[in-house]
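What follows is a single chain, given as structure tokens, in the form predicted on its own.
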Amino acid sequence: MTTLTTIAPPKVTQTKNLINGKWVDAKSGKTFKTYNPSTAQPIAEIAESDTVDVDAAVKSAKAAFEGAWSKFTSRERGKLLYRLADLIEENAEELAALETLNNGKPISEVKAADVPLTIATFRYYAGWADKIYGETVPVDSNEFFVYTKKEPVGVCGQIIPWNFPLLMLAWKWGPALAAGNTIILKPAEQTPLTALRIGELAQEAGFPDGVINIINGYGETAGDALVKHEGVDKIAFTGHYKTAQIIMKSAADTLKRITFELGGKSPNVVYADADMDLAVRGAMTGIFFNQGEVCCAGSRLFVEATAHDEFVSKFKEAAETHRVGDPFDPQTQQGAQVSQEQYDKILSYIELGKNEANLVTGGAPACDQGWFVKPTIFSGVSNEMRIAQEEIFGPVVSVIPFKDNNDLIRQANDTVYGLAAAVWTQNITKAFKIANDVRAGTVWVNCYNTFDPAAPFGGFKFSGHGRECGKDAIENYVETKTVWVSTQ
């Protein structure tokens, strides 16, 4: 096993709730610990919110929505988003270190992906702020002039996950703020630190008090109170579909608008005619990026039978040279799982897999401290097995052979999920076949895990409702008003 080096942790500047422009303790005085996944040791005590704190945040957001924020022009909102993006860029090193400390992911990945995409997302939606407009409607009468206008939904509760804390915050805040909404964010209790730091930067950028509120706490208490509160007009949630089912039921009484970005068991397809070295690198990215804690991870790896043995051999070799260890080491390729709970869950699925299929490599802890798991490959997997059907959310992949396209498409779509898919082939007809026939919100061709704030992202079936990113995300945060004007 790898032994971690001792690192000097970045400074934690904020542990409280942000409500109406002030950093405050929870009314109850309760706190909870947030941890460093690399060492399994606590970092700080965070304010633990409940119903009273949520109510204060909702009142703050509602007052801002009806007051100061409503007076801002669209271009003024855009300027604030540009300013926030600039401040994130100016503090990129600090934010990357905080993200790595609290999440366990390699700092090289945070600097190359998480932070730049966060900045790009805010700049993208800053540009959208003054481009949200309605239309004139040619009704069947000359006696009326009819037009539509887009208005913000109102107070938006946003519940984000722990796997990409910075980026998921940006995906939620960007379109909501561009459209003129106010926000109550509940970060994941496992990874609140970067959200709190961004809250400080938002204040520095000049957002009025109450426009952005952050409440820390657990889903069962703070999250539940946010979902049920009659003053919240919309809930946006990223996480597991079972939690989304609870949210839908809880939000029914107040008929909130809801959007979900949920999980997946994405099929990653390798044809025999693919560039095998490229496909292996793509499969590595598809499942081991971010420790496998990715909703669109290519966890079901379908390989054409005639190429199966060659591919698995190369894939095994690549996985066994994959560097797992200290996430602050720039050479590390895979860091720690986010929590003891997630670590235990992954290892339990690995034990299940050992009984169901053939362990090719991995299948064990990777370090002598912290929550590290070796890159794990199973072969001899059938699509009906639990390791092929249930979301593990870790560095565990199931290799499934297929014989022909009909066999492949049937198996690829045989899942409750439909978030993403990928295909590796030099035959464009095969690529289009997968893109057309697989039920998924995103399909990658000869690439994996490529993202841009302009490209919509979301899923079919149990993988969610609505889309993050692009113009589609703006639609999540606006209402359409129709105005009839008599010309007589």
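Residues carry their position along the shown sequence, with the first being 1. All values derive from a computational prediction rather than experimental measurement.
The same protein also has a form predicted together with a small molecule, omitted here; what follows describes it.
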Original post:
Taking heavy atoms only, is residue 352 within 4.5 angstroms of the small molecule in the model of the complex?
Top reply: no
Original post:
Taking heavy atoms only, is residue 219 within 4.5 angstroms of the small molecule in the model of the complex?
Top reply: yes
**OP:** Evaluate residue 356 for contact with the small molecule in the model of the complex, applying a 4.5 angstroms cut-off between non-hydrogen atoms, and reply yes or no.
**Re:** no
**OP:** Spell out, yes or no, whether the shortest heavy atom distance between residue 190 and the small molecule in the model of the complex is within 4.5 Å.
**Re:** yes
Subject >> Heavy atom within 4.5 Å of the small molecule in the model of the complex - residue from 369, 411, 91, 243 >> reply: 243
Subject >> Contact residue in the model of the complex, from 165, 223, 210, 104 (heavy atom within 4.5 Å of the small molecule) >> reply: 223
Original post:
What stretch, of 385-393, 358-366, 132-140, 400-408, brings heavy atoms to within 4.5 Å of the small molecule in the model of the complex?
Top reply: 385-393
